[in-house]
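Below sits a lone chain in structure tokens, taken as the form predicted on its own.
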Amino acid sequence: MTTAVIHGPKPQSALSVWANRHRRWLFAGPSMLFIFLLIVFPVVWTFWLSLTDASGSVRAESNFIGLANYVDVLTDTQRFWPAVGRTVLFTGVVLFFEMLFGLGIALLLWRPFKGERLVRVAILLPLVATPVAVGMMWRLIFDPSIGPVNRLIGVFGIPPQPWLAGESTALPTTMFMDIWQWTPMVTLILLAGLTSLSDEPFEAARVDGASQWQIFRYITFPMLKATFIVALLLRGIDALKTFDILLAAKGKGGGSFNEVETLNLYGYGLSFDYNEYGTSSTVLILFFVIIVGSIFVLTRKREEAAR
């Protein structure tokens, strides 16, 4: 008669026990290291440069000067604060119109209609092109001499306009270019939010005799509010950092009179045109603080809307 021998589970090694206990850190470790190398290190290095008088060459010796660069930049009323004003104005205007037009187009595309797919593809076409290509394209379209826009308005007796060449018209023109390209992205996000809404509240409202405006005000928009804030957050941060389309449309310095010079263009010019790395790093750190503050405020709004 044979007796079956029941073997228990093999004892785990000390390494396996330690790995199992710290598995969440082991899985997240590579990603955290990647983030540190690509985000944290450049920010820390830029902050260090902002505390020095680094200039001329990246290999040149620099001296620690503390907060002197911050004092100089924050008291600069000729370039820094006008650049801050343009950045805020540009972001506010394009955000307003992109959210407004994006919501309107998303509502129009929400319900099925004949030719729906073709219209959706046409609306999303601006997203296919890169911002540099868009900037160059509109630069040719708005050209005072050969651009078709001045020829078109000339048919209605309107004199030619400088558009991108004018000191007072350049910033609004670049705003239009940004709105043209990025409104489809807002439309896409809001349309995704609309298609996920339940039909029952809308059917109940129609049975009760609510008008289309009442349905939008009291049902559609409150239910869409969280998605709306997500679109506002994503597009707002991107609009704050707008660089390539402005550089392609106006060149270095944002034009001869710095008419479209935002903080991004100002920091770029200090680095690559004047080799003032310490001052440029200071501008970029202040810009980074503005962006992080904006993210914090919009994230809080999103959390409040989700409650």
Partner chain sequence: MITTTRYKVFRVVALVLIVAAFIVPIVWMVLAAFKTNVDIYDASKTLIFTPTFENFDKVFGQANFGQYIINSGLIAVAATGLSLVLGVPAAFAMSRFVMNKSALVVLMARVIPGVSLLVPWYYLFSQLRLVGSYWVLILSHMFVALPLIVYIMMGFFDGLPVELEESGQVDGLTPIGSFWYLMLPLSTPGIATAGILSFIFSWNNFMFALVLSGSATKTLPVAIYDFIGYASIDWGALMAASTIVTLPIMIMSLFAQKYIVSGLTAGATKG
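Heads up, when I say rigid core I mean the largest set of C-alphas that superpose within 1.5 Å between the two forms. Numbering follows the first chain given and starts at 1. Just so it is clear, the model here is predicted, and its values are computed rather than measured.
Just so you know, the form predicted together with the partner chain exists too; it's not on screen, but the next bit is about it.
Does the partner chain, in the predicted bound form, lie within 4.5 angstroms of each residue among Thr52, Val84 and Arg300, using heavy atoms as the measure? Looking in the predicted bound form, the three residues Thr52, Val84 and Arg300 all stay beyond 4.5 Å of the partner chain (heavy atoms).
Name the single residue among Ile158, Leu234, Leu100, Val71 that comes within 4.5 Å of the partner chain in the predicted bound form, judging by heavy atoms. In short, Leu234.
So which of Ala204, Val132, Val88, Ile153 gets a non-hydrogen atom within 4.5 Å of the partner chain in the predicted bound form? For this set of options, the contacting one is Val132.
Can you pick the stretch from 71-79, 91-99, 167-175, 133-141 whose heavy atoms fall within 4.5 Å of the partner chain in the predicted bound form? In the other structure, the partner sits against 133-141.
Contact flag, Ser31 vs the partner chain in the predicted bound form, heavy atom cut 4.5 Å: The answer is yes: Ser31 has a heavy atom within 4.5 Å of the partner chain.
The partner chain contact in the predicted bound form: Thr279, any heavy atom under 4.5 Å: Contact check for Thr279: no, nothing within 4.5 Å of the partner chain in the predicted bound form.
Given that the partner chain is not shown alongside this chain, does Ala248 nevertheless sit within 4.5 Å of it in the predicted bound form, heavy atom to heavy atom? Answer yes; at least one heavy atom of Ala248 falls within 4.5 Å of the partner chain in the predicted bound form.
If you check in the predicted bound form, is Leu38 within 4.5 Å of the partner chain, heavy atoms only? Close contact exists here: in the predicted bound form, Leu38 approaches the partner chain to within 4.5 Å, heavy atoms only.
Relative to the partner chain in the predicted bound form, which residues of 116-135 have a heavy atom no more than 4.5 Å away? Arg117, Val119, Arg120, Val121, Ala122, Ile123, Leu124, Leu125, Pro126, Leu127, Val128, Ala129, Thr130, Pro131, Val132, Ala133, in sequence order.
For Val155, state whether the C-alpha moves by 2 Å or more between the shown form and the other one after rigid core superposition. Indeed, Val155 is displaced by 2 Å or more.
Is_shifted Phe288 between the shown form and the other one (CA, 2 Å cut-off, rigid core): Phe288: C-alpha displaced by less than 2 Å between the shown form and the other one.
Superpose on the rigid core, then tell me if the C-alpha of Ala19 is displaced by 2 angstroms or more between the shown form and the other one. It does, since the Ala19 C-alpha is displaced 2 Å or more between the shown form and the other one after the core fit.
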